[in-house]
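Below you will find one chain, with nothing else, as structure tokens; this is the form predicted alone, and questions on how it binds or moves follow later.
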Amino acid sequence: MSSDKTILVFGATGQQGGAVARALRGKGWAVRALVRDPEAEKARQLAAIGIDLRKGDFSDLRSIENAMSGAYGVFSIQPSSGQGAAYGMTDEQEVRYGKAVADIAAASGVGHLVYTSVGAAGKGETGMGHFDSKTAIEEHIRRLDLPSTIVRPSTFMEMLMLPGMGLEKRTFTFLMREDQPLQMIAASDIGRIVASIFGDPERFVGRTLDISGDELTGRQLQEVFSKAAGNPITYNRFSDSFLDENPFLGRLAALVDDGRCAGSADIPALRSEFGELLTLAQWLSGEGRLLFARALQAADAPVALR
């Protein structure tokens, strides 16, 4: 019974980890969360829904060992080095911490580890450290005597609401071309999928799953946004000159063009396994409605994809 087993969730105060923690609690699991500051607002919100907070961080391996003691399962996620210097995470640290969590899980006799990676991982070297770091962690996990499942989410729907994309000007500028499909997923669906994986380990142990809930071209995205906003929103890809001047976005666009960041999930098969997954239109009219409204009203801001 899930209520008799504990899952340790890393990153529970963040987007993916929070969605996983809430989904697991909704399924009746006992959930622990490793947090830096148990008194922080997001940590207190977790405690309010019955999540057991354990103080610690990735640089303190003893705190990880203590938090993992007696846990049946582990949801592993590390701050991505691609999130920028504000997070204080280098590519090397991300790999080291991801491997350490898996090593401690194997040594502790954890029954099932689920690692969340990224869609571009495992598809050849990308030249972007925060993608290739996840490939390295994936490969390390597979070498261990540890029951594990790897999920590779596509672009987050929440990411489309970041400032600087132009929604406040009734335009939207992003990475795919007008006729080029890009897959995307709601964070809440990542949580539901991970909870389902923990609930049926024999079915999922040893598998690597690309996961997504929707797939839209730039032109289709324009239609969905326009309908949700109630007035026209025009889609544009970042200009070639802008991408030439911005190595980070330029490389992301190239990886979208060659398919590695466009998403390769079999969405009908995922729906067959996990049930309905949110389309962007459904997300915009439901849990993403407030984020969309804020993006439409936002003041001008720089592009902030990291």
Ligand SMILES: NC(=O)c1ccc[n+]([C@@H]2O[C@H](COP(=O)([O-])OP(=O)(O)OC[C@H]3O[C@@H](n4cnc5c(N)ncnc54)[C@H](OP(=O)(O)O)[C@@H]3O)[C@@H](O)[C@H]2O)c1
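In this text, residue numbers run from 1 along the sequence as written. From a predicted model like this one, the values you see are computed outputs, not experimental measurements.
Just so you know, the form predicted in complex with the named molecule exists too; it's not on screen, but the next bit is about it.
The stretch from 115-123, 215-223, 142-150, 196-204 that comes within 4.5 Å of the named molecule in the model of the complex, counting heavy atoms only, is 115-123. The partner is absent here, but in the model of the complex a heavy atom of Arg36, alone among Arg237, Arg36, Lys27, Arg44, sits within 4.5 Å of the named molecule.
Heavy atoms of Met159 reach within 4.5 Å of the named molecule in the model of the complex, making it an interface residue.
Contact between Val95 and the named molecule in the model of the complex is not found at the 4.5 Å heavy atom cutoff.
A residue is said to contact a partner when one of its heavy atoms sits within 4.5 Å of a partner heavy atom; Gly166 fails this definition for the named molecule in the model of the complex, lying far away. Shown alone here, Ala21 lies farther than 4.5 Å from the named molecule in the model of the complex, counting heavy atoms only. Three-residue candidate spot Pro181, Gly259 and Ala262; no residue lies within 4.5 angstroms of the named molecule in the model of the complex by any non-hydrogen atom. Residues of 123-137 that come within 4.5 Å of the named molecule in the model of the complex, judged by any heavy atom, are His130, Lys134 in sequence order.
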